[in-house]
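Two forms, one chain: they're shown below as structure tokens, one block per form, named structure 1 and structure 2.
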Structure 1
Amino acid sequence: MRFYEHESKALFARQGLPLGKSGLARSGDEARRIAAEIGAPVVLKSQVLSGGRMKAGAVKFADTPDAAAKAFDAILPIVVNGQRAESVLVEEKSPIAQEYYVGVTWDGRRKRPVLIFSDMGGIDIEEVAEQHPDHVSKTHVSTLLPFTPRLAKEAVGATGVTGPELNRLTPIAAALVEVFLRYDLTLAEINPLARLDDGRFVVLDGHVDMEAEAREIHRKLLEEIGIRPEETRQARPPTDFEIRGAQVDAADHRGVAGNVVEFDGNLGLVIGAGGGSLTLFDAVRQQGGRPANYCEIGGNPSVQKACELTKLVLSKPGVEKIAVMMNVVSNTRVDIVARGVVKGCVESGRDPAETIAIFRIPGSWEDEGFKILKKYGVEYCDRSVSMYEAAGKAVAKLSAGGTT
């Protein structure tokens, strides 16, 4: 769950990270008042959840309170990557000597958080890592042992930063790790972190993503920051297809058939769950396929739920076939999912044998499931076929039809 910049900064403030004077404006008059209170040139930034604000013209500078009000009026209507802001952050403009990057995210391969630091901030960190790898350090963090300032110092020092800068940056990096761990974040990023002409450090821009499942634990914090329970906070508003996906999941308490995300390909995916879904989605792409959607099924959804999800995926224009794939299941039953997807095809007026490119769900009740698939002429495979190979079979079927 993504935070707006001003909310990310509110979280940073709780951990003592250095911030410039600022205020949130919802009108030109408010922008004028905040700029007058700051009493110095200001920068006004549209509060949207996506990047690309500068490019879209949604960041402007103002030397006077009246200019701030004017800048507010100019910024507010600007749509940034499909998002319209409801507020604008008015912040003290800082004289910058150098920009740095500090971020903490989750390293899925190492299964632990990683602190990323660079003395080249203000630009895309991936670009820096590619072009100037010696200016980026990565330090893995334990979720069990305390994170010590020494580790933060090593992370900063690894990019060649020394002297007073090293001493001042160390507690900032350590505090960001603390924010990440304490609030169950999946990303805590400061870019840029600025060293000012007078040697002070200030967080100029920040970005925070919280684990969606952690919302309940941090309900009080979210309330204090002003994030309402009904706010989904995705990077873009959900599409009609995604809204209908959420309705399919909500309509039946049994199992999960949700987290539907729309893409523009022609291979519909009925895949599960969590890590399995991600692996299978990637496998389809690696095999040259174009997924029409992402989704997660698991927890033993009912036949009806699997059926409705299948119908939804098949209702998407351009979807020619679906691939039904999971890792090895234990509590989800193969036969129940098989019934659901076959029924979904039939109720959509499609022949399951033609529509289901591959069914690869091995595990509990697989023999029963395979009997159903055989009866309807659907190609299926067991665990002797890897997820990657199964994805390849599905993509090959679309290619054979000349549509991949």
Structure 2
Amino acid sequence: MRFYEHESKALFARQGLPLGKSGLARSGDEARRIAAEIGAPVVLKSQVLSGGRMKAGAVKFADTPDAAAKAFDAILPIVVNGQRAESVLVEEKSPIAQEYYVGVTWDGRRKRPVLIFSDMGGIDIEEVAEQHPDHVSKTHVSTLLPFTPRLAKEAVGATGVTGPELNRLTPIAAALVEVFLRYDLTLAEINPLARLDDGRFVVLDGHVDMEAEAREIHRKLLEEIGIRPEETRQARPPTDFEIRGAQVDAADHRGVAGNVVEFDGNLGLVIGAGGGSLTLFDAVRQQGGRPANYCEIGGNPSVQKACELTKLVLSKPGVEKIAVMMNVVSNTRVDIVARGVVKGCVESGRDPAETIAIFRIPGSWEDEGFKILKKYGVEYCDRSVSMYEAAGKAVAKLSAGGTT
């Protein structure tokens, strides 16, 4: 789940990271008021969940409150990578002497967090690593042993930073690692971290991604920052369809039937079982199908929860059929899912036999589930049919109907 810049900075503030004066504006008048309160030249930045704001013209500078109001009016209509902002961050403009990069992310190969530091901030860290590898350090962090500032000092010093700058940068890098670990993040990034003309350091821009599974753990924090429970964010704001998916999952504590992502295909997916969701989504695409959505179902959801997820998927315009597929499961009752998806079809005014292209959920209470599907004329298969083959059967059903 991705945070907006102002939300990332609100999280940074809790850890004592150095921030400039700022305020969030939703109108030109608010931008004028915030700029007047700051009492200095300001920078206004569109609040979207993707990069490329500067190139799109969605970052502007203003020397006076009236100029800030005009800049707000100019920024708000600008679309950045398909996203239109609802708010603009108004922040004190800082006289920069040098820019740095500090980031913490997850190293999938080492299975550990990694602290990345560079004394060349303000540009993509990938570009710096490729063209100036000696200006980038990578320091892995243990998830078992307590983190110590010594590791942060080694990371900063590895790029050649010494003296007072090393001593001032170390606690900032250490604080970012603490933020990453404390709040179950997958990314905590400051770019750039600026050293000002007077020697102070200020976070000019920040990015945060949180594990989706950690939302419940940090519910209070997210509420205080202003992130609503139904907001399922990635690299863009959630669609209405995705918000409704989160509401389906939140309405019943039993099992999982959520993590819905909207796509523009014609085959609705009710899929799950650990990594099975990703495997099945990819299998549909490899077979030439066009998924209408991604989702996750499992953990023994109730009949009603499976029903509501099915109804949601079928409510999406353009969905012609659905595929209900999971890997081999032990804690999800096949008969309950079967009842739920059949019920969802019926309540949507759809014939289950014509709507469910394939049902593949091998697991507990399998025979009972298959009896239900047979009663309604739904094609099903057991574990002898691979997930890839089941995806192919679903895509073939659509193709036979004259669609691709």
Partner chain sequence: MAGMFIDVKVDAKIASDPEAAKKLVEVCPVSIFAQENGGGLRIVAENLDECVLCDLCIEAVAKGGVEVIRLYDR
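Every residue number counts along structure 1's sequence, beginning with 1. Superpose the two forms; the largest set of C-alphas matching within 1.5 Å is the rigid core. It should be emphasised that the depicted structure is a prediction, and the values quoted were computed from it without experimental measurement.
Structure 1, rather than structure 2, originates from the form predicted together with its partner chain. If you fit the rigid core between the two structures, you'll see the Cα of R254 move by 2 angstroms or more. Once you line up the core between the two structures, the Cα of G265 ends up 2 Å or more from where it was. The Cα position of R244 differs by 2 Å or more between the two structures after fitting on the rigid core. Relative to the superposed rigid core, K321 shifts its CA by 16.1 Å between the two structures. We note a C-alpha movement of 7.6 Å at C295 between the two structures, with the rigid core held in register.
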